[in-house]
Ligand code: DC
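In structure tokens, one chain follows: the form predicted on its own.
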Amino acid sequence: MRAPIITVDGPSGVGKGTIAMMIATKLGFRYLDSGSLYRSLALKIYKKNKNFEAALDNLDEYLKDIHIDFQYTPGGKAKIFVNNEDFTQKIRTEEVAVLASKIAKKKSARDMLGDYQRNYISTPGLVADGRDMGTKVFFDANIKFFLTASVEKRAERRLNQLKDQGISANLPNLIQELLLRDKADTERLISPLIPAKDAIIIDTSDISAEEAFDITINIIKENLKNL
């Protein structure tokens, strides 16, 4: 019998990473941050070829030479290594986020990373967060969540994250960047950012991460009884 899978999708700044990791810690499940895969791939390609747009036309060649490894500590932070180099902090910039969004439009990248993500399934279960976890990568997941929030609230959260990392930013610019990324993610032809038909939608605009976690974990506990 396959291990249960829980997906948490949504745009940037809705708290999906925080909540997904809280769920994984509570249940003792494995945790997968799919966004880090795209960011890591994008940064690695950029570092190897400054003409990023041209490199996207030969993406298959770059994919052959890239190995992305994750080291997750239950209840702690995740570390991301690309070819044994620590990318954990390097991929958390808005510039890398924009590059990752361009990678996400490429079918070859999505297929490669989709296979990588499916290899993460293991007992006792998996919690995966991203943008197409419930619609494509784990379309047959047992429980699917889709988180939303106002763009103002999302930008505010992102601003606080960047400040904690010692990165300067301003709210108006972050709002504009989020709107542009939302447009790119929702309008792309391959795996657009949309809720799965059977996803449970939760608006986190006016609730804390702990309150959102309580909502999700109660739903999960009720549903896991029937698995």
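Please read these numbers as outputs of a predicted model, since none were measured by experiment. Quick note: we count residues from 1 along the sequence shown, nothing fancier.
There is another form of this protein, the form predicted together with the named molecule, and it is not shown here; the text below is about that form.
- Only one segment in the set 61 to 69, 182 to 190, 44 to 52, 165 to 173 has any non-hydrogen atom within 4.5 angstroms of the named molecule in the model of the complex, and it is 182 to 190.
- Under a 4.5 angstroms non-hydrogen atom cutoff, the named molecule in the model of the complex lacks R30 among its neighbouring residues.
- Among heavy atoms of V151, none comes within 4.5 Å of the named molecule in the model of the complex.
- The closest non-hydrogen atom of G35 lies within 4.5 Å of the named molecule in the model of the complex.
- Heavy atoms of V127 never reach within 4.5 Å of the named molecule in the model of the complex, leaving it off the interface.
- Between the options R157, K79, K90, R110, the residue in contact with the named molecule in the model of the complex by a heavy atom within 4.5 angstroms is R110.
- Contacts of stretch 109 to 133 with the named molecule in the model of the complex, defined by any heavy atom lying within 4.5 Å, are made by R110, G130, R131, D132, M133, listed in sequence order.
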